[in-house]
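As a starting point, one isolated chain is supplied in structure tokens, in the form predicted alone.
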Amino acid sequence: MIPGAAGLCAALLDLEPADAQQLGAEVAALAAHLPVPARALLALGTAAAEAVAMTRTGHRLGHLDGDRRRALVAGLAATNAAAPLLDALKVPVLLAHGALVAAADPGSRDPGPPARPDAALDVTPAGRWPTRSVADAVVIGSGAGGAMAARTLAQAGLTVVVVEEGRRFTVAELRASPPIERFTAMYRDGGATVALGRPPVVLPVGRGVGGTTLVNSGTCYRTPTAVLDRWRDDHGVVFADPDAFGPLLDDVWTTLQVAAVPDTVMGANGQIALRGAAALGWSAHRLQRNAPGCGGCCQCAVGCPRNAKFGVHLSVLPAACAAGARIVTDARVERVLHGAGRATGVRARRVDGSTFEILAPHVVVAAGATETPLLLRRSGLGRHPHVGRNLAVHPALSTAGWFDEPVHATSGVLQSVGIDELHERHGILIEATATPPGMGSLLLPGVGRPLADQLARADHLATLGAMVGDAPNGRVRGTSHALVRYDLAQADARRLLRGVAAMGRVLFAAGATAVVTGIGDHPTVRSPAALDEAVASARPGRLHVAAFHPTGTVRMGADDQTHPVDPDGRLRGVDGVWVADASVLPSCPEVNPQVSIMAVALAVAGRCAARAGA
């Protein structure tokens, strides 16, 4: 329980006691899925709000009448010291509120029948796996990189075992669970991963069979040629030459069955983006997605309840298993085993604390950009000074527009339209991006009655997001739990704010009556001129930044002083250890990275297979 949660809910959303009690219970249920530090911070913040109420009024928040509570909250929101605390406390309260609203109208979110059944996978929970076994190769992680590596190695004739920390999610389970429950179950730390810095960056990372491809938007981009040129010329990654990399991208594109978003699932959110871009004369396009059979239920980010999004658990791992690969779930790899300068296998821990070993001469690490550095350190293989450094996150900001007509942004695909007018020259990629039902109100400003009034008409909001290809200003420390630090570079902050200005112009051009900027001092503007003023006065340290594409923490390249992994994907200093996930990307790919990661993993695993057969 979170003492005082009901009073906090009453204050933030101006609720009557019965409604506040119900929402407080939902907040407590949500908090139960968060890691201990996040839960403790929520309890501490709630206690702080109660203490302020007692100091100023002599009563707890839940015991104040409506008028006194509104006056107290309005006064706190106007102070520089209390406003950030209220913003932070709004997040779980708004998520819980959205869950209740969505649960009250389940018929509006019926995703329709599954597009396909669950794939045939050879999955064994770790509790049933033997204490010691042998294989030709072990792949750590079953996401975009790990799945592609497993398929490549298995089809080359190697015996392959994939070890996955998470579990398998079935379509029946996804259909039976509300979005907020899937969010806390399918993301590491219940979705509460944060990169500390100025400003803090929310950094949710998926976990389960299929990795983050379970919960990404399904948006697919080929790696831009300019990015590949830099990887080849600045980092010495020979296979990144566009002519050589093209066939790898073609393989991934075909495997994922990528196609443009059709009219049937475009949704009003996407139509507004196209309309606004056209009015400005800007370049825009329907996004390409790996979602054959998509029904437009807007739940991609919490696991597709139709099995329509073709994540690697449906598109790549079945081919790996058909070639003989096996998947062990619910097992965290503690160490890559090695001796005499070469890999000998892995040791993993089951949920009950017992361990098992898989002996193998080839180990492919694909645990992700935040976890791979930790595993290498635990294994005594992380001594290279750049392990954990050079983190880029592809930071993002959201902007929304109020429209007279209902938008119903959750009726349609989650990401539908790309606006690339500023992408090639300025590295700013804009996408029409909605959120799963019940999770789309976090951008709304204010507290109390003004916030409640906005929530009541939230179906009139259309939302865009802007991402920038960022400098590698982050670092991942730790061995058992990732301690992520990331400071947004001033140049990247300026480009994000330029993205806010661009998104606002698109929304106004499409007919928005007002724009929610996400900028604290000017949260809502009603004209392009006011938008420009808001952007000009914004303080980067107060921006609400999120990121979904961490890369670069064990980057590959030719310079052995600055790249822990060589241009073929081999970890320097030990034979038989390869890295094939987002951590090896030499820099931010400047687009949604799934296709790039899979293509790189295909190249690395091909080299591993060739070496294994030598």
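Just so it is clear, the structure is predicted and the values come from calculations on it, not from any experiment. Don't overthink the numbering: it's just position in the shown sequence, from 1.
Missing here is the form predicted together with a small molecule; even so, the following discussion is about that form.
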Heavy atom within 4.5 Å of the small molecule in the model of the complex: which of 492, 165, 357, 487 fits that? Just give me the one.
165
Just to confirm, with a 4.5 Å cut-off on non-hydrogen atoms, which of 517, 213, 315, 269 contacts the small molecule in the model of the complex?
213
Is residue 138 close enough to touch the small molecule in the model of the complex, meaning at least one heavy atom pair within 4.5 Å?
no
Residue-level question: is residue 549 within 4.5 Å of the small molecule in the model of the complex, judged on heavy atoms?
yes
Could you confirm whether residue 481 comes within 4.5 Å of the small molecule in the model of the complex, counting heavy atoms only?
no
In the model of the complex, is there a heavy atom of the small molecule that lies within 4.5 Å of any heavy atom of residue 582, even though the partner is absent here?
yes
Counting only non-hydrogen atoms, the one stretch of 522-530, 360-368, 443-451, 272-280 within 4.5 angstroms of the small molecule in the model of the complex is 360-368
Heavy atom distance at most 4.5 Å to the small molecule in the model of the complex, all of 145, 219 and 332
yes
